[in-house]
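Next up is one chain by itself, shown in structure tokens, the form predicted on its own.
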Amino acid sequence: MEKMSCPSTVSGRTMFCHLDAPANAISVCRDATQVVVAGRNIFKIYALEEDSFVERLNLRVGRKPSLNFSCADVMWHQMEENLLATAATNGAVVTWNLARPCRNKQEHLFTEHKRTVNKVCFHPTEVHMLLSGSQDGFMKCFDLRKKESVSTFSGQSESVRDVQFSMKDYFTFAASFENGNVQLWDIRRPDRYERMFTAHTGPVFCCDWHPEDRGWLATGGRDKMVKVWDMTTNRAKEIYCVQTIASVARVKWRPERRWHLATCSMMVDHNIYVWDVRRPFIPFATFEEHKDVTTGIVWRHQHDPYVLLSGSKDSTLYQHMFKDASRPVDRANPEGLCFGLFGDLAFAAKESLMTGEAGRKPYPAGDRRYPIFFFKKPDVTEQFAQVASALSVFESESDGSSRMDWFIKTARRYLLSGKPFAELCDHNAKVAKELNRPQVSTTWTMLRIMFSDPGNPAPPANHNMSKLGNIPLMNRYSCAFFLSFCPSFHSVFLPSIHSFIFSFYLSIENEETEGSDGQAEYLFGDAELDDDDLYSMEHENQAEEAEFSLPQEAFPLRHEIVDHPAAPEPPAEKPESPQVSGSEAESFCLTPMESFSLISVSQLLYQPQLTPSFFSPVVREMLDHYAEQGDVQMAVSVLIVLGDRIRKEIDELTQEHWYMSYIDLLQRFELWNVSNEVIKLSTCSAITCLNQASTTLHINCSNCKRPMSNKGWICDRCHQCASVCAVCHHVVKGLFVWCQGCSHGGHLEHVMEWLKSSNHCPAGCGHLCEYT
């Protein structure tokens, strides 16, 4: 086929037309004057006029259109202007001859596929050769002069998603598969592929040969990547990779532009992007007209890089003019800032902004600055703006103060589930204290005090205790805990608890000491209580509370002062107890239960027991404080440990943001097990699904090469044992390793030992296996 002369630039404008139904695929004729649109409920041909689309022919004819008209793909032959082929959802491959005089243009019907046909492709130079790829895992080559296929190719996989003939090699075609593999075949050898490699982690939805570079193959997959492979080497070599924001459904090289290709997404993203593979981080151009997912893209002419046609699920057909495309680089931020894992700071900006050193303040963590200048020789054919940038790197101090060792150790040692709440808090407080993080340690202990159930301890011997109800008892340790354990306490737990404790005890003191010259001694003393004594005590006799009588005197008589022995010497200070000053100990000391007597209080100022909801606003603000300070580890850990006690107080979007930030940090430090545990313990639906994707492995029988549909060792097709070690020829009942290329494998130890001395498959199939 001789190369067509390049036509003059197609005149026109960006335009669209409404379709009767969503489109699944589009294709343009050889002279770029007509376009065919195919879908489940549409199969029409439109003429491309100067300023509009004009419907020319509706190919869905008949009273009851069959499933043969329900199209998953369509292709217009580039040598025969009246020949079209469609892939039907019922497994049929249909060819259409527009030159037929009758209304029904259907010419050939091939029904050899058992499942949906995903792709059809005409040979670029052979008029009568048609290739199809189906969901049943087979590819078939049809000679249109016959009524059946002439070759069948088995991909040994579940589904063939795309097939494309090479533009330069007459006998070669590429096929992409559901399992992430790409295969190269020679149409003369239908028994075995010539080359296979794993291109993506997940299904490969599309592929396209470069129209000029003979060995370049572009692939797009569910992993949101577009990769360009060099197929001229012995092994497929990835030379470019473009990261997109959604699964890639279609990829098409741009004519007359060696480095440009167009992509559209399968879901989420409705735009069409044109990428320069040399600059994969930002699109070269963007078409943003569609309101739903784009399902088909095609350049209007194979020698015109300025007009692109597209169809969408929004039932529209668009002609995009490149001059009207959006250029994201024009809106891109020219500066960049990034922190490294260990506190290093990198800053990139235009060279003109970095030349002035006057007034630059020194970096507090060590002002070691490494300017790196990037220059690029001007290229007259390139449409990117030429900008020189400077990169400055500020390294943090190396004394370990700003390193993230504490983050790694904390993540590994924290307990988030599996034990009672109080034990989790105590354990995490101990971990934080050992890592020299006193504020975090104290926070965990405070959470235990707030939300733990104190139980029902035995009442004291002094029955006057019952007159007070459940009053929280506090010793020197706990008072200092609440009020002055560290200067940063008030910034975390706020003054609410502080004011509550003062008002509670001062109210009692004012009421009971009124009219008395002596100092009242009812709650204060010298001794120190255990942590368990911080909680409220139950009444010994609940019935006594209900008995009340009117006082006979206007002023109640003072009770008899009972002499009691001096309080015992306080025990040695516990390792977990924070240090308090002498003045604090004198001001906020509480006597032990055995050594004080209580007086009756006529009315309680607060409820006897504080429910967990009383502390929820304080804890919520504490979590916000930690998150704002950048410690999402603490925010997420407390959120998981408290569970339903606090989860309802925080909106789900905030929780999801904290989880994603923490999981991202864990994965950057390669703490995979901790990351998976956090995902499992999360209750956010957007988080719990993170470890539920790509969990299925599709395996083939090593004998018949067909997919294994059951879970046993016996293939239900050939009735042979599929899990036989290729080295020792025994059934593998434990850990099994196999080659994705030839499906042969065996015991892990045997295969590793074999590959130390030979690269060929131990089963003798000739495949070059590799264990990585």
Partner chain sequence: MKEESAVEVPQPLPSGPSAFIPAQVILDEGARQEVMTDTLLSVSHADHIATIMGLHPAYLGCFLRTQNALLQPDGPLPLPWRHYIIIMASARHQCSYLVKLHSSAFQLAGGDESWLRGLHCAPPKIQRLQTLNKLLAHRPWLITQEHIQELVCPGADPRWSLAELIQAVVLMSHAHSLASFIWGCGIHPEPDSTAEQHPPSASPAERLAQPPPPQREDPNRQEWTEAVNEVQLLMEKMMLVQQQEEEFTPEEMVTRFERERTESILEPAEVVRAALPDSISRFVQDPDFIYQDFSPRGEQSPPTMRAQDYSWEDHGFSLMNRLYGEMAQLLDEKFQVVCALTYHTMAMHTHVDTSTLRKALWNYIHCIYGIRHDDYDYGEVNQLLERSLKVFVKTAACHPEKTTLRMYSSFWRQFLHSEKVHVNLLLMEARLQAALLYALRAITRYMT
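Since we're looking at a predicted model, the values are computed, not measured. Numbering follows the first chain given and starts at 1.
Below, we turn to the form predicted together with its partner chain, even though it does not appear here.
**Student:** Within 4.5 Å of its partner chain in the predicted bound form, do we find a heavy atom from each of L67, R115 and H270?
**Tutor:** Every residue of the candidate spot has a heavy atom within 4.5 Å of its partner chain in the predicted bound form.
**Student:** Quick check on this chain: which one of K680, K323, K291, R145 has a heavy atom within 4.5 Å of its partner chain in the predicted bound form?
**Tutor:** Result of the distance check: K291.
**Student:** With its partner chain left out of view, choose which of L653, I245, A332, C241 has a non-hydrogen atom within 4.5 angstroms of it in the predicted bound form.
**Tutor:** Of the listed residues, the single hit is I245.
**Student:** At the 4.5 Å heavy atom threshold, is R40 in contact with its partner chain in the predicted bound form?
**Tutor:** Yes, R40 is a contact residue.
**Student:** Check whether W253 has any heavy atom within 4.5 Å of a heavy atom of its partner chain in the predicted bound form, and answer yes or no.
**Tutor:** Answer no; every heavy atom of W253 is more than 4.5 Å from its partner chain in the predicted bound form.
**Student:** Does any heavy atom of R222 come within 4.5 Å of a heavy atom of its partner chain in the predicted bound form?
**Tutor:** It does: once its partner chain is placed as it appears in the predicted bound form, R222 has a heavy atom within 4.5 Å of it.
**Student:** Given that its partner chain is not shown alongside this chain, does D73 nevertheless sit within 4.5 Å of it in the predicted bound form, heavy atom to heavy atom?
**Tutor:** D73 lies outside the contact set for its partner chain.
**Student:** Taking 4.5 angstroms as the heavy atom distance cut-off, pick the stretch from 86-94, 181-189, 654-662, 253-261 that is near its partner chain in the predicted bound form.
**Tutor:** Of the options given, it is 86-94.
**Student:** Residue by residue through 744-763, tell me which have a non-hydrogen atom within 4.5 angstroms of its partner chain in the predicted bound form.
**Tutor:** Residues within 4.5 Å: none.
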